[in-house]
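Given next, in structure tokens, is a single chain: the form predicted on its own.
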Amino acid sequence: MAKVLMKGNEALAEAAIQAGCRHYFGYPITPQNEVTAYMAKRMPEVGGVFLQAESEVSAINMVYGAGGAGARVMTSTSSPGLSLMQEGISYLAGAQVPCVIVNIMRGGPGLGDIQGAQGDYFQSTKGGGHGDYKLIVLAPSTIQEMADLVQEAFDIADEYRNPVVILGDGMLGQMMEPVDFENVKKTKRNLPEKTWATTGRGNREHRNVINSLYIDPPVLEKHNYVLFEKYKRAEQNEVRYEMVNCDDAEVILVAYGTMARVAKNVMNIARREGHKVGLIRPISLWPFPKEPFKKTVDQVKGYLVVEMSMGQMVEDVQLATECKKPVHFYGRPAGMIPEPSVMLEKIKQIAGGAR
């Protein structure tokens, strides 16, 4: 199959189908509507189920039902829609039901606008719902990665019995690039059989029950410890990141998603002007990659975090560096894009010793 020119939303949807997703429940919201439209057309063609729910609240609870029965299931939305899903997401995490949740971010808070933004970092990585739980969060920066990370997301969800979020933005959802589906990584994990799924009693001596309600506090406490042992495994095995030109860098840019593309171009411009600049691109936003900061913190003068937000990733970078070096920030919210010329000026200031 030759490369296909596709929108990011469409590439992601097709990759989900190729990853074995046969159940999709969602509700339209800009700028991710192409995912819903694509699934509406393709799911019947592959014998799958597409259902437009009456709201995002309904959609996430349909995901809960299908995931609990062992199906590969996905929903997609944009920022305000994800807010409506938070209770259901907490239930999914508490009941250990695997699924993939796509958030193509837009400007906020509130209804905001429909431009691509990155203001949902806290919501996704810190847990937007109630209780103690974690979501595994993957952040693509190209349309090819929009497809590549879908297979990874479904596999991780099944292995850890946990919701996985693909966190993109409106620009990634709407832009078009060639996508090679032949090279999308197929399942290589030894995934466990879903013996826990509610598929009928069969020959089992017990009934499977999917539940997140534990009235007895010691029982709930034990359940929470089980969850966090699982998250500890994820922190050891599911960290993903990219490092570019960091070996000799005095200033390192830190950016994810669309902003990593801009940062990479600025890094190249700065290099041509004689400045030793590198880039750390977190791909897994949770678990957050700490290793690249441990490798570089002793050599750099400082880090510059660049986001299409008011600086939500800054805290994680400060924690990863253990505040040993200055962590600077430049960002713009509401779908406004940080300007390369300003990024260059800030790089020069940091290289000159600004704090």
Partner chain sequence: MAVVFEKTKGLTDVPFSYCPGCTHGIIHRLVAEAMEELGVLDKAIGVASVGCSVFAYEFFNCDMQQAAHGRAPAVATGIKRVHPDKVVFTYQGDGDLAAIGTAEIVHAAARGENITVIFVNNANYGMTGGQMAPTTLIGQETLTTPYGRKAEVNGYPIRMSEMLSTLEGVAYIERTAVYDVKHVIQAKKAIKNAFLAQIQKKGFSMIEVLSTCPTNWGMTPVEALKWVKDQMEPYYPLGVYKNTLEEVK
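All values reported here derive from a predicted model rather than from experimental measurement. Positions refer to the first chain, counted from 1.
There is another form of this protein, the form predicted together with the partner chain, and it is not shown here; the text below is about that form.
When you look in the predicted bound form, the only residue of 250, 87, 247, 273 with a non-hydrogen atom within 4.5 Å of the partner chain is 87. Note on contacts: among 224, 237, 199, 183, the single residue with a heavy atom within 4.5 Å of the partner chain in the predicted bound form is 199. For the partner chain in the predicted bound form, the listed stretch (285-293, 36-44, 311-319, 63-71) containing residues with heavy atoms inside 4.5 Å is 63-71.
At a distance threshold of 4.5 angstroms between non-hydrogen atoms, residue 91 is in contact with the partner chain in the predicted bound form.
Taking the partner from elsewhere, residue 243 is found to have every heavy atom lying beyond 4.5 Å of the partner chain in the predicted bound form. Among residues of the shown chain, residue 297 is not one whose heavy atoms approach the partner chain to within 4.5 Å in the predicted bound form. For the chain shown alone, residue 51 is a contact residue for the partner chain in the predicted bound form, at least one non-hydrogen atom being within 4.5 angstroms.
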